[in-house]
Every structure is written in C-alpha cells, then in structure tokens.
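Read the single chain below, which is given as structure tokens and is the form predicted on its own.
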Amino acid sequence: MRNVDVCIIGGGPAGLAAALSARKEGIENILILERETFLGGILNQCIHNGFGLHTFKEELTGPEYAARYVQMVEEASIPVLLDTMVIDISKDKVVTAISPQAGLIQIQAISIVLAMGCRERPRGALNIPGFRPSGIYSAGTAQRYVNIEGFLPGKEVVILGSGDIGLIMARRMTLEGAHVLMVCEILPFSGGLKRNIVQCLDDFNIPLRLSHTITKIHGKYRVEGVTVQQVSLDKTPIAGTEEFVACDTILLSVGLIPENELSRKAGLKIHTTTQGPLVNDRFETSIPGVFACGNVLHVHDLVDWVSQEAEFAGQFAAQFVKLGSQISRLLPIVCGYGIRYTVPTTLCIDSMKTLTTVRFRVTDVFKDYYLDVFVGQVRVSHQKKRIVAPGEMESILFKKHWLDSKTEDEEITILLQKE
C-alpha cells in the first residue's frame, strides 16, 4: 500500500492543472495516474489551433497546450505513473490500479481528484437501421487515424452530428483530400461553437443540414450510402423527405459521455443531466475528499475552462489535506426556465469565495432574454443576454454577499426571462 496526500486520476489537461495547483498550495506528496503512454490526454491528437487564448493569451495547437502543462509538471517534479489503469476507488479513498511494470498496486489517498475526461457516444446508442459495414467511425477515432496514425478513413464522407469534433473533422477531412458531402444535425440548432461552424463549414462550403438525421445505412460490407431524412420538432422523421446520399464513410459526432464508471463504483452521486458527479462550489463530490474537474464532471467547449476548473479542484483538494472538510451550510441551485444544468449544483454559504463562477448550459437558442438569479424570493442579478445557445457554455459570477444572510431552507434559482 502506497500512501499519498493527493492522488489525481487522469493525466490530461484537467489532471495536470489540478496537480500543479495542489503543489502551489504546498502539497508535496502528489501522484498522477495516467492510462496512456504519454501525458496530455486527448489534446495530443487535436492538432488544430484555437487553444490557450484565455490561459496563455496566445493561440496554440492542442499538443502545444498540453506540452506547456507537461513541462510545468516535470519542472515541479510531480510523480507520474503512465500505462496505469485505475480499476477501482473505494469509499475510504483506496485507489486500485494495474500497470505492466508494477502489476496490481493500491494507493491510500487523503484527497482524490477525478480527471478521467469523457468518451464519444457510439453507433450502438443511436439505433440506426442497417448492417454493420466498415466505414463507420466516431469523429474522435477518425481524428486519431488522420492526425496520429496517418490513415485517411474514406473519401466520400457524411457526418452525423454537429458537435465541435465533427465540425473540426469536416475541415480536416477536406484538407486531406476527402469530399465531405454534408453535416446532418437532428436538432434545429448546432451543438458546436459558432466559430467552428464558420471556420470549418462555411469557409469550405460544406452544407449543414439542421433538423436532419440518418435513418438508414446502406451497404453490407462497406458503407455504400445513407438515407438522410428531415425530422419534426419531436425528432420524428417526416415521410416523403427521404434522400439517398452515396458515400463510403460516416463520422459520428453525436455527443460525449463523461467517463464515470469509477465514480459510480465509488458510490458518488451522479448528475442525471451531465452524467458527471454532483459537486459543490469546491468541486467536492458526495464523498468528502473526492473532487472532480474537467470533462469527467461535464463536457466543456474550451480547454481553458477545463484548466481553470481543475486549478480550483486541486486547490480545494490540497486544503482538504491540510484542514479536512470545509463543507458548511449548503444552498442548492435550481434550474429554472431555459437552464439545462449548472455546475456546481450547491454553494457552501460560509466557505465560498468572494466571487464564485457557476457554469451552465441552456436548453435552446434564446435571443434578447435576461438571465436572472433569485435567492429565495429576492432577485440578486438581472443580466441582458443578446443570444445564448446550447453549444456555448455560459457562466455567471456569484457574489458571496448575496448569500450571507440566507439559510439552508432557501434555494438559488437561475432562469431566463423576457423582462
């Protein structure tokens, strides 16, 4: 049994930022566990630019962004175990892992930071009729094939889903010589950032078919084409709108799922919407001393926000080592009209920072609405929003003095209103 103060599971951008933050708080006995051969996580295959504008005040590629954090971790002499897969976390914070070098290992931690990231939703979750031919890839898998393995998955491509990875791969496949016929999105709005729609689709004349989906995959051994069909507001295919599109490759960009099998095994309470752990404003889960950050908590659109969250999680994990639990009176945050979820879901009245960032996503596209915050029956914030969309993560700064005189029998409500 190895004893550490802070054990960080995941060596991607969240895990690295959390480790550095815990070290800045004076914690020496830190250990990072990473299942891959290299640190950096998914950023290693994201060779496009657009990273680091908030964190480093310059535009970097994914590998460049990751390399800066890896270098800082190495300079801080924070121990790392690579090729190490965590297979269990107990409620008393014993981490069990396996690796080719060390075999089965167990680590007793005072604090644990969960930073395992997320995975892509596969074809099996979509129930599209057809055989199981070759030529169907998740967008992230295709990204790895093109950017790391040097393999082009196909020449005539249809992309299902307008998440950011799908949009970026529409551009990437085009630059590599493939013909991207269209991007289909079942919703009436895109799930990706506006800048990616402009830079990855509009600049390359790639059509975005909103309120369209694939209703059949043709081909028994290799994809030969798809049937694309328009859908109604309740996502039901509209008869008579069927269109056959010949292609040899389908890329799926239909959502990301936080990697929370370990969280569930440990008995953490899981948010029904985000599928990540429920956390308070200290990023502490339902088990004291276990913290979560990054895409394992909720799926982000910018890695800069991942790093920012992880810095706070590492800081609070270090404080737990030195001071124990700081959870005091908790005030729940309730999602009102137009708000899909918030992170965190509760605020610690006594120990919260002077300013605390609450991130959230909306349920639909809203134009010229007000974002209101109520504490009990009192409105404490009233902000005009020109436009908000589900593909763009929003945030609001909570001020501690809003809550100073409040009690636990009240609740915070965030909602959108016309006036």
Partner chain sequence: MKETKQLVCISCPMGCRLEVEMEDKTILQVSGNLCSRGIVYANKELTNPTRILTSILPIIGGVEEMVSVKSKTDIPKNRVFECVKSLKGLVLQAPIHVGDVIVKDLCGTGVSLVATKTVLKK
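Residue numbers count along the first chain shown, from 1. Given the structure is predicted, the values throughout are model-derived calculations rather than measurements.
In what follows, reference is made to the form predicted in complex with its partner chain, a form of this protein that is not presented.
Contact with its partner chain in the model of the complex, defined as a heavy atom within 4.5 Å, is made by none of Asp83, Glu261 and Val321. The contact residue chosen from Gln308, Gln199, Thr274, Gln230 relative to its partner chain in the model of the complex is Gln199, the criterion being a non-hydrogen atom within 4.5 angstroms. When you look in the model of the complex, the only residue of Met72, Leu175, Ala102, Leu330 with a non-hydrogen atom within 4.5 Å of its partner chain is Leu175. Looking at Asp372, you'd find every heavy atom of it more than 4.5 angstroms from its partner chain in the model of the complex. At a distance threshold of 4.5 angstroms between non-hydrogen atoms, Gly150 is in contact with its partner chain in the model of the complex.
When its partner chain is considered in the model of the complex, Val358 lies well away from it, no heavy atom lying within 4.5 Å.
By the criterion of a heavy atom within 4.5 Å, Met352 is excluded from the residues contacting its partner chain in the model of the complex. Annotated contact segment (heavy atom within 4.5 Å of its partner chain in the model of the complex): 188-196, selected among 244-252, 286-294, 210-218, 188-196. In the model of the complex, the residues of 380-419 lying within 4.5 Å of its partner chain by at least one heavy atom are, in order, Arg386, Ile387, Glu392.
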